[in-house]
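The chain below stands alone and is given in structure tokens; this is the form predicted alone.
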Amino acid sequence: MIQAAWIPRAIILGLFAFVIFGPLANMLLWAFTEVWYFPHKLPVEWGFGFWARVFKPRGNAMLSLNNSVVIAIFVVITCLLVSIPAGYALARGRLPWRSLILVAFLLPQAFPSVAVHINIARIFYGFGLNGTFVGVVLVHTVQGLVFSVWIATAAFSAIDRELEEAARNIGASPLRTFFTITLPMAMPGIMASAIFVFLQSLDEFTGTFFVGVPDIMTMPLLLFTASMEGNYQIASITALILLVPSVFFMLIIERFLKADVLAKVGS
């Protein structure tokens, strides 16, 4: 009876494992496939030929990767310039309509992304920002501010005010208190928000498609193009390149974001 009770659980765990790891396994197979056609259950020929095509000097992969990384870095810088003062003001200041201000940063996520980015592209066209790095950085920043402002606000809210008051009591100015006490203690949360923004920008497709195409090519656009052309090897290799930093940085985020910071999100 005890063994029989584990059968449904084993089936459920097996289904979860298939749903989670099945697509990843299929992607790995395609990344190292040279020839694969029906009715074969596994690739007919294995190799690294498509990897060589992806990383060849005249290929678009390295240029697309460079564009993605450069754009993501500028998006992180822009978001931090906004989120650090905004997060501190929302956490420490007595701002009217504080909750509405926080909700306002969620509005880009409240509507279908295609509709939002089509209208952004129309506005950017009037300012000559379509097909430019600046335009792509700005559209990514709109999405990134959701993570950066909310997490920065939570990070500043989690700091004990008595520590700041102690620094003020021994003669530290408000500015010095901020840079020596408040900001260093909030830095783990701010770094976590920066990583979230970096990964969001690195994987952003819709905004880049409507604002950057055809002049700006990034890794998600390259993945989409390869998929539409039926080149599953190139698409899988591109997806793996995007997956590696995502997994690596998410492990770092798990160390940065503590329970006390997460408890303050949205509070």
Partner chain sequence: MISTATRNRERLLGLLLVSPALLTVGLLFVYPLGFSLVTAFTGEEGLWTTANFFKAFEFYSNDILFTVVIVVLSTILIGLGAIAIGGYLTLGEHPVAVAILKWLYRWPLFIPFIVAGQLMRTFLAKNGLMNNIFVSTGLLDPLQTTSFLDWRGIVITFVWKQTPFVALLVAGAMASLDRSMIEAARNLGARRFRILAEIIVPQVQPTIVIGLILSFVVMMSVLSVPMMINAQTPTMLTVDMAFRINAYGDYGVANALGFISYLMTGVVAWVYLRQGVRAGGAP
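Residue numbers count along the first chain shown, from 1. Keep in mind the model is a prediction, meaning the values are calculated, not measured.
Keep in mind that the form predicted together with its partner chain is missing from the display, and what follows is about it.
Which pick from Thr180, Ser113, Ser99, Thr132 sits with a heavy atom within 4.5 Å of its partner chain in the predicted complex? Of the candidates Thr180, Ser113, Ser99, Thr132, Ser113 is the one lying within 4.5 Å of its partner chain in the predicted complex.
Should the three residues Asn66, Met191 and Pro214 be counted as contacting its partner chain in the predicted complex, with contact defined as a heavy atom within 4.5 Å for each? The answer is no; none of Asn66, Met191 and Pro214 reaches its partner chain.
Contact test in the predicted complex: Ile11 vs its partner chain, heavy atoms, 4.5 Å: The answer is no: Ile11 has no heavy atom within 4.5 Å of its partner chain.
Is there a non-hydrogen atom of Trp46 within 4.5 angstroms of a non-hydrogen atom of its partner chain in the predicted complex? No.
Tell me, yes or no, whether Leu107 is in contact with its partner chain in the predicted complex, where a contact means a heavy atom of each within 4.5 Å. Judged by the heavy-atom cut-off of 4.5 Å, Leu107 is in contact with its partner chain in the predicted complex.
Is Phe156 close enough to touch its partner chain in the predicted complex, meaning at least one heavy atom pair within 4.5 Å? Close contact is absent here: in the predicted complex, Phe156 is far from its partner chain, nothing within 4.5 Å, heavy atoms only.
Heavy atom within 4.5 Å of its partner chain in the predicted complex: which residues of 221-239 qualify? Contacting residues: Leu223, Phe224, Ser227, Met228, Tyr232, Ala235, Ser236, Ala239.
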